[in-house]
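Only one chain comes next, encoded as structure tokens, the form predicted on its own.
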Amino acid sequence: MSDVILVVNAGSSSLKFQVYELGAANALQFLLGGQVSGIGGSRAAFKVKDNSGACLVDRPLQPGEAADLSGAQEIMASWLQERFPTPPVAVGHRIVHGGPKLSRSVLINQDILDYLDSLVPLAPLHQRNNLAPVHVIFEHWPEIRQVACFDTAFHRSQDAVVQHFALPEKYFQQGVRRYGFHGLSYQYIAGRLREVLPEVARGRVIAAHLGSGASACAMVDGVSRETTMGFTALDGLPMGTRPGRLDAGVVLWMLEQGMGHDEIQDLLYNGSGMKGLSGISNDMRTLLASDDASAALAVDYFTYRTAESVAGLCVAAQGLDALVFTAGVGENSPEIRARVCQRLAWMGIQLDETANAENALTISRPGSRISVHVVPTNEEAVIAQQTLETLLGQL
């Protein structure tokens, strides 16, 4: 796999990858991308498409083939080795948490890897899975350079007052602070806006990354000023299986009831959010299609808290010029976008129903006081670029 960069984005139920070729003047050209989806489930699949959108692989996986992330990695590695017989120039990884020490992408060595492993308790649903491919590559192909690209890095531009909790300063110095996440996605949105909507990009923008994980970020001229997630990826907006903003006293009450650390952690990361509130599913499509009252409550809760957070982020941005929806739900659910915007109609948002139904770039009416847009995200493209820049910085 010479003269290419491999990007790996390992999640809790999917393993995504993209391959970029290094062209003239170190320009990156997307070659192909794919994923092993449904890891650990009965509907696991392996799909790959090239840069024209043509399908190279689309096959369901047999039970047990992708029973865990390790199995998914074997499927990905085997296919890539057949197609690209030589190793890549480097492998770039999405790493959710960089902690207080790492605020930009970095070449991974053993000390860096040990430090990133120590941050697993801050993002147990993500960090361990993010690092799993790093460990495998180090074990089997130690000569391959690997680069860690952090979801937390984009938010290091925020003021100290935004990053602090109202706790004694010693805790901040120990790393207890608001980090924010989904930074790779927000960095892509900021850059993409400069390409397709430059006037919007220079203004006050709130991007809502709505998916299984969800957050929102206030940006001014493409720079992060505030975001809804904090110390861990539990904070802020309600998510597929995570509660979002939660009174810390609830956790104290759980402890007083005799619940242990692991039980509480499992509840907060895997049994709350849309899944817990509805008692039905963490999939927004399933909830929208259901006539169950608890499903309706979950959807209402999600759209209410999203709209409430958008309004609150206006303090950091000192107003709002544009609202951008992105990620799985944000990009593909006209109904959720409409419900969020309806709750923000008092701000002067006027939605174009036809454009919204078509997932158009601009879904607001011409007379809307605040423009509203749908911009598909591409975290892998940002990882590829950061990986290249990190390599060049090492030369």
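Superpose the two forms; the largest set of C-alphas matching within 1.5 Å is the rigid core. When you see a residue number, it is the position in the sequence shown, counting from 1. Since the model is a prediction, treat every value here as computed from it, not as a measurement.
Not on display, but discussed next: the form predicted in complex with a small molecule.
- Distance criterion of 4.5 Å from any heavy atom to the small molecule in the model of the complex singles out 211 from the list 211, 222, 87, 124.
- Proximity to the small molecule in the model of the complex, defined as a heavy atom within 4.5 Å, holds among 362, 332, 368, 35 only for 332.
- Residues within 4.5 angstroms of the small molecule in the model of the complex, judged by any non-hydrogen atom, belong to 212 to 220 and to none of the other stretches in 259 to 267, 114 to 122, 136 to 144, 212 to 220.
- In the model of the complex, residue 341 stays away from the small molecule, with no heavy atom inside 4.5 Å.
- Interface membership of residue 61, defined by any non-hydrogen atom within 4.5 Å of the small molecule in the model of the complex, is ruled out.
- Taking the partner from elsewhere, residue 237 is found to have every heavy atom lying beyond 4.5 Å of the small molecule in the model of the complex.
- Mapping the unseen interface onto this chain, residue 310 falls outside it, with no heavy atom inside 4.5 Å of the small molecule in the model of the complex.
- Contact with the small molecule in the model of the complex holds for all three of 285, 288 and 327, each having a heavy atom within 4.5 Å.
- Here residue 378 does not count as shifted, since its C-alpha moves by less than 2 Å between this form and the one not shown after the core is aligned.
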